[in-house]
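A single chain comes next, written as structure tokens; it is the form predicted alone.
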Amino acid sequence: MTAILFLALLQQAPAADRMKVDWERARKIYMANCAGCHGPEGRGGKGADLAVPKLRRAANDEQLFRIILGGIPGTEMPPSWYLGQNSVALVTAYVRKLGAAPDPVRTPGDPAKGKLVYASQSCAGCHDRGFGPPLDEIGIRRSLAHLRQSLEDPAAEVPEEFLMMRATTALGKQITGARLNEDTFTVQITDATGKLHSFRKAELKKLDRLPGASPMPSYKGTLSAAEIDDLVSFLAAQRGGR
């Protein structure tokens, strides 16, 4: 049976027939290849929250299958074609099962208070200027634990697209910021003010990559535990209007 036919039958089958899916094999494939980013229960982490009845990028099983198979270009979601189409089909079914009856997300604080904390720390100053990742859907893409880690220890996991770099010009001037684009000959860096700097590598005196460095400060010790709880709750509520 082809993977697409399997998906078609899965969509049309009554609940009793769907139980014929080898869920243990599907779980093992998911745990080995997906849980590292999406969490063992699909609650998210580095990857999106999958334990929801409707996925923004996948309105049906076939779309979800194609995303898992081919990945999402320009994101951290890699292709999984190497698993084989039947295994990808099993993962598709398992992801749908995770989202069939999701538990409500229980956030630790008050999102309304968290909104005030967000404003008081001028978070939009960086995230709306491209010096940090956009946050309008961060509640879908990151788990509560990951959001808390990003506030308390942001250098623990810096997104690849926000690698910090320091460019030293021929005159000795240093520009530090997040890498926006880079190719063999040029590099573009966004500094903390949102200004874009473009350089030809051959004209630079030095170009340093700063792995483990984050443009975001740690708020542990700056904010109270209650304020961090509130801010986590506010960020978790940012789900793109969903």
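Everything quoted here is computed from the prediction, not taken from an experiment. We number the residues from 1 along the sequence you see. Whichever C-alpha set is largest while still superposing within 1.5 Å between the two forms counts as the rigid core.
The same protein has a further form, the form predicted in complex with ligand HEC, not shown here; the description that follows concerns it.
Every residue of the trio Lys46, Pro133 and Val158 has some heavy atom no more than 4.5 Å from ligand HEC in the predicted bound form. When you look in the predicted bound form, the only residue of Lys173, Arg56, Arg209, Lys206 with a non-hydrogen atom within 4.5 Å of ligand HEC is Arg56. Put simply, Pro78 is close to ligand HEC in the predicted bound form: some heavy atom of it is within 4.5 Å. Contact annotation: Ser122 falls within 4.5 Å of ligand HEC in the predicted bound form, judged by heavy atom distances. When ligand HEC is considered in the predicted bound form, His127 lines it closely, a heavy atom lying within 4.5 Å. In the predicted bound form, none of the heavy atoms of Pro40 sits within 4.5 Å of a heavy atom of ligand HEC. Scanning 131-151 for heavy atoms within 4.5 Å of ligand HEC in the predicted bound form gives Phe131, Gly132, Pro133, Leu135, Ile138, Arg141, Arg142, His146, Leu147, Ser150, Leu151 in sequence order. Core-superposed comparison between the shown form and the other one: the C-alpha position of Thr186 differs by less than 2 Å. When the rigid core is held fixed, the Cα atom of Ser120 travels less than 2 angstroms between the shown form and the other one. With the core held fixed, Ile175 shows a CA shift below 2 Å between the shown form and the other one.
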